[in-house]
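Next up is one chain by itself, shown in structure tokens, the form predicted alone.
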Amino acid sequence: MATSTEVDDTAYDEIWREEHRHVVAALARRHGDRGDCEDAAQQAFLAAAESWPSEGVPDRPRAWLIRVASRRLIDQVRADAARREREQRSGLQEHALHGGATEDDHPSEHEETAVADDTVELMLRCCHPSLSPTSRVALTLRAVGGLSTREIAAGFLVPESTMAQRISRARATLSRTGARFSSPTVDELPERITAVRHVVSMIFTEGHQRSSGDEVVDEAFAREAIRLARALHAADPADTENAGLLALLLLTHARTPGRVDGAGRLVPLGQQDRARWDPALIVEGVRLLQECLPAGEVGPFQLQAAVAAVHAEAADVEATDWPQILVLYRMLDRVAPSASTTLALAVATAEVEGPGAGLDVLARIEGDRWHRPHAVRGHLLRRLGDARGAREAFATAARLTRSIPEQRYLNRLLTEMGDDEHDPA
């Protein structure tokens, strides 16, 4: 046991965030119902909140939590077994009188699959076919991925209240349908893997660019996402989108050392010191991409990885092959259109065809709650000489973002621009 008995809420939050998915995964290996496993894990954390302040945090908190959660789960299983036994005794006579078979008399013989990594296996189980694709990803991010509802909402570009309702409805759907979280069958696997890829991608995105708080990067999230992408690729190396996802994450993460300066300030891509980028990750990512692109149909993760490779292989920002990037984003826009793709397409269009053309593409993004379109608009208006419009766009972006480093970067731009008394606008 730890010698200190001081356990504050921050410590609990950190332990929950780090250990929750591991505890649920360990339980799920022995019990197929994700809801029961999650409930048992939550009960274990409540028990920790009661005992750790007086007894201290265990040297191995994960083992402590798994042991307590397992006891809770065993108690629940025994209670359920006793209930089923009572129901079975009461139904035996009727079954004997009326004859006929039940579903249990002819169990399904569908082949099931399993993945070596506990977390990936749990994510596959959580992406249940009774849910919509969006709900599968959102619920899995919350239950297994370790993201908060606010972080998930930021990833989907919706208000936090909207995402909370979606997750609540997803849980209600699973409860209403009596869904069991066994390993997916071979037929179910492709659809579930597609959802898990998006889960892993969103975990990485939150790690690479924190949606809120004081830090630019959350290394724990980024590293975990890369680990999960490696596990997916190892489970099915022939799946070119698994390879594309891993390549994308490696090539993007390679830029991490250059994304923050010595003062901890955010450095945009065009101003980064490329000598600080990780060459080993770039080599691995490019190799994966070269292997998967000729192997089959090109999907969205391969296209995004190809864009990242163009950036990674450019010696400096002036050497970037923007026409090639524009072609790739136009392909991505046809394959997997989204607000994020439109934003990237606007940037690439501006680099090739000018800021006015970029603004025309940017106008396709509906709504004004997302800060990044405003930031891009500010840059493009500044290039066009519209200082007043650029300041308004930067100020709006700074107001909307929850990321402190992004706020500081945008406010720094506003300070650099100053007040232009001769602004013709």
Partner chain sequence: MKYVILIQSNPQPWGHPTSDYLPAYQHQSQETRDRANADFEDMLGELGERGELVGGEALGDPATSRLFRWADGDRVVSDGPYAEGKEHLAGFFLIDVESQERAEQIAEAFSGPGETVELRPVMGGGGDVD
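Since this is a predicted model, take the numbers as computed values, not measurements. We call the rigid core whatever largest set of C-alpha positions still superposes within 1.5 Å between the two forms. Numbering follows the first chain given and starts at 1.
The same protein has a further form, the form predicted in complex with its partner chain, not shown here; the description that follows concerns it.
Open item on the list: in the predicted complex, does each of 184, 248 and 301 have a heavy atom within 4.5 Å of its partner chain?
Closed with: Zero of three within 4.5 Å in the predicted complex.
Open item on the list: Looking at 142, 274, 233, 166 here, can you tell me which has any non-hydrogen atom within 4.5 angstroms of its partner chain in the predicted complex?
Closed with: Going through each option in turn, the one that passes is 166.
- [ ] Identify, from the list 198, 255, 72, 192, the residue with a heavy atom within 4.5 Å of its partner chain in the predicted complex.
- [x] The residue from 198, 255, 72, 192 that makes the contact is 255.
Task: Location of its partner chain contact in the predicted complex, chosen stretch of 142-150, 128-136, 351-359, 288-296 [non-hydrogen atom, 4.5 Å] - done: Looking at the partner contacts, the answer comes out as 128-136.
Task: its partner chain contact in the predicted complex: residue 268, any heavy atom under 4.5 Å - done: Yes, residue 268 is a contact residue.
Task: Any non-hydrogen atom of residue 19 within 4.5 angstroms of its partner chain in the predicted complex - done: Residue-level check for residue 19: no, no contact with its partner chain.
Open item on the list: At 4.5 Å between heavy atoms, is residue 374 in contact with its partner chain in the predicted complex?
Closed with: Residue 374: no, not in contact with its partner chain in the predicted complex.
Open item on the list: Is residue 162 part of the interface with its partner chain in the predicted complex - any heavy atom within 4.5 Å?
Closed with: Output for residue 162 is yes: heavy atoms within 4.5 Å of its partner chain.
Open item on the list: If you apply a 4.5 angstroms heavy atom cut-off, which residues in 376-407 are near its partner chain in the predicted complex?
Closed with: 401, 402, 403, 404, 405, 406, 407, in sequence order.
- [ ] Using a rigid core alignment, state whether the CA of residue 170 is displaced by 2 Å or more between the shown form and the other one.
- [x] Comparing forms between the shown form and the other one, the residue 170 CA shifts at least 2 Å.
Open item on the list: Could you check, with the core superposed, whether the Cα atom of residue 135 shifts 2 Å or more between the shown form and the other one?
Closed with: Yes, the C-alpha position differs by at least 2 Å between the shown form and the other one.
TODO: Looking in the predicted complex, decide if the C-alpha atoms of residue 156 and residue 404 are closer or farther than in the form shown; they differ by 3 Å or more.
DONE: Residues converge in the predicted complex, at least 3 Å closer.
Task: Comparison of CA distance in the predicted complex with shown form for residue 154, residue 363, at least 3 Å - done: Relative to the shown form, the pair is farther apart.
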